[in-house]
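Coming up are structure 1 and structure 2: the same protein chain in two forms, each one given alone as structure tokens.
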Structure 1
Amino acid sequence: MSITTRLAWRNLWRHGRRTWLTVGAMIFCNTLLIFLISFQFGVYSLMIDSALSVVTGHLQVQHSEYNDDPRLRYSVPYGIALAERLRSETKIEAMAARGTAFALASSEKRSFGIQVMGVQPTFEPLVSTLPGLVKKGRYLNNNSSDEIVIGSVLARNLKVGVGDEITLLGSGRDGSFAAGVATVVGIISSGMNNLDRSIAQVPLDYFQAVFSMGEQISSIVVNVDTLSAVAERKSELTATINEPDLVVLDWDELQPGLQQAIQADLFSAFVMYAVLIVLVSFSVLNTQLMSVLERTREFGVMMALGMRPGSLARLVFLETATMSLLGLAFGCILGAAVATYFQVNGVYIPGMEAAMEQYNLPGELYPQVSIISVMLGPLIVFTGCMVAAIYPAVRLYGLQPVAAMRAV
């Protein structure tokens, strides 16, 4: 260890209590940042998964025009066969073909506009949580033909229950009149009123028959293991399909609002983090400025011995870096330990159980610890502290040896 390094280290402990207070502020700040960022990442991941798992999925194979203009004619030909091929070639199991159309649903007493989805009852539970949200009756099965499951609000509006019939009226893919009668076998309650007001699912072959789809479908919905695998799977699917009219869209393209909502939340959170980091940086500025001022005489002696102001400034930066590294190391260890504990055991927020259950979310939230969530905050704090040391260091360039040595 060089003399300068030893000097920097020992200078820190001239006022041990002051140094520990500053390092303590850094540790607290770093721990808090690691926990909060990990928690945010965990919540975002849960939000994305929950939002996508209801209907959208992580990826969808569609006609290239369908996402911007969801008409029946922008369809995927031989979609069920294509889904089979993709399932076997890519080894992605969570894949289901769907048809989607808008129709007028009528009961004996009322009529409402709804979104009708033709689904594969065997595969739909792999890409959607809706089959698990049937509160009355049952979900569709492979024997279903003219059966329908509908949202709870829609059932209430239409004044129908399990066993009642609904008439569906709309336009077929070829522009013909589409009409069908289906028996309600289940009522879905997702907790999201907008969805429960408009959702209705029928077997895909029934859908294709009613809406004159032939072998066409609207989309193939795909779920992957983790969000981080989406990009890789997207490339793989695109390469496997190799059809100019078909595209593979990821969740960000399918639900741009979700990413924007996360970015807006991240921004507001980072404003709060910035305030925290600025406060810690000012604490370092205060400590280092005090330290430099009370050592003015010593710095004068060092200059008299032949040390240049630049070397003195480097000494101050070295002291700050050492102190900040202590804060970074202890903060990262403590922060990662706290975040990992809650990643395993979950964070229970009292009073949120009902709201969470409504959205099919677990009662506890789980932080998501990663290299980024552990290092991002502390590295910004470290940088902030180093920036805070600039002013005390720059002051040394104006020091005159004789005047400095006269300082008390």
Structure 2
Amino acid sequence: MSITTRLAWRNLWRHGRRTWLTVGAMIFCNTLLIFLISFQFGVYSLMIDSALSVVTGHLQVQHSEYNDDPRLRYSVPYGIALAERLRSETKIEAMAARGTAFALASSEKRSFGIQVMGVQPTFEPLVSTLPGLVKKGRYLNNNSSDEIVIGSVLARNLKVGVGDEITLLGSGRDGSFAAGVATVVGIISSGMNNLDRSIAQVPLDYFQAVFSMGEQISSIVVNVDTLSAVAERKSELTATINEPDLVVLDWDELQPGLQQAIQADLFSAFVMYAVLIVLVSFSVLNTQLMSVLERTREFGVMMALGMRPGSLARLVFLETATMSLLGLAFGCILGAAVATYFQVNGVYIPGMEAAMEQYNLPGELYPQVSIISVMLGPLIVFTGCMVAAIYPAVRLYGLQPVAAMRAV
């Protein structure tokens, strides 16, 4: 161990209480940052999964032009057979074929423009939460019957209920006039008025017949187990399909606004984290500046004996680095333990049960512990503390040995 290291260690414990108070502030800050960042990542993951599980899914197989121009002519040929092949070859069970069109829905009293989705009743519950949000009646259970489930706001606007008939008018894939009559068997209440105002689902076979789709579909929706697996599954599906006119789009391409909303929220959160880190950095600055001022005579003697100001500055940086490393190590251990505990047991927020249930979400929130969430905050705190040590170290370069030895 070098003389500088021994001096740094000795100087830290001259005032052990002050050192531990500073280290304690770092530990508290690091623990809090790890928990908050892990919790934030967990909420983002839940938010993304919840938003995607309603309609979009994590991935979609589409015609290359469909995402920019969602018309019926940009369709996936033999889509049901393709979905079966992909399900078999990739072992992804959460996969469903869909058809999507816009139509005029009419009851005996009113008419409204809606989005009609043709779905596979057997596979749709694997990729969407809408089948579990039917509040009146039931969900579709026959792939070819003339049944329809609609949103609660749409049902109110059309003044229809379970058992009533709705007439669908639109344009078929071949440009022909599309018309059909379907019986309302269920009413969905998702808690999102915009969705409940326009959503309607019919069996896929019935959709293909009404809109002259033949064996065509609009997309194949895919859900994966975790967001981290999206890229791998996307590559796997792309290689399996191997069709020039078909593409596999991930959730970020399907809903770019979702990622932007997360980034905006993350920025605002990091502003709050930055304030916490600055406060800890000033605590370190105060500790090291007091230490330097208290040892002015000692530093003067050391410089008179031949020690250079640069060596004294390194001594201050080493003391700061030692405190910061202690705070980082204990903070990471404690923070990871706290975040892991809540990752297993969840965070219960009183009063949120009804709101979470309305959106078909679990009643508890779970942090998401990872290397990034554990190390990001503490490393920034460590960097901030080292930056805070610059000013006390720079002061030593202007120190005069004679004047320093005379200091009281």
Partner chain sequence: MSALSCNKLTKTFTQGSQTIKGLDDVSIAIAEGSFVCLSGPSGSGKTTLLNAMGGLDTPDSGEILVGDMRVDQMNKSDLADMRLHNIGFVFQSYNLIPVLTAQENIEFVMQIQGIPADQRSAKSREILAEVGLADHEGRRPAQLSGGQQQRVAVARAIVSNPTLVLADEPTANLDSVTATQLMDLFAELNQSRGITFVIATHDARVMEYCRRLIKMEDGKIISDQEQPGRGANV
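On a predicted model such as this, the values are computed, not experimentally measured, just so you know. For residue numbers, the reference is structure 1: its sequence is counted from 1. Definition used throughout: the rigid core is the maximal C-alpha set that superposes within 1.5 Å between two forms.
Note that the form predicted alone is the one shown as structure 2, not structure 1. One rigid block turns against another between the two structures, and the hinge that joins them sits at A264, chosen from S228, A264, K109, D69. Rigid-body rotation of the smaller part against the larger part between the two structures amounts to 9 degrees, from C-alpha fits. Structural comparison between the two structures after rigid-core fitting shows the C-alpha of G306 displaced 3.8 Å. Comparison between the two structures places the CA of N143 5.7 angstrom away from its other position, after core fitting.
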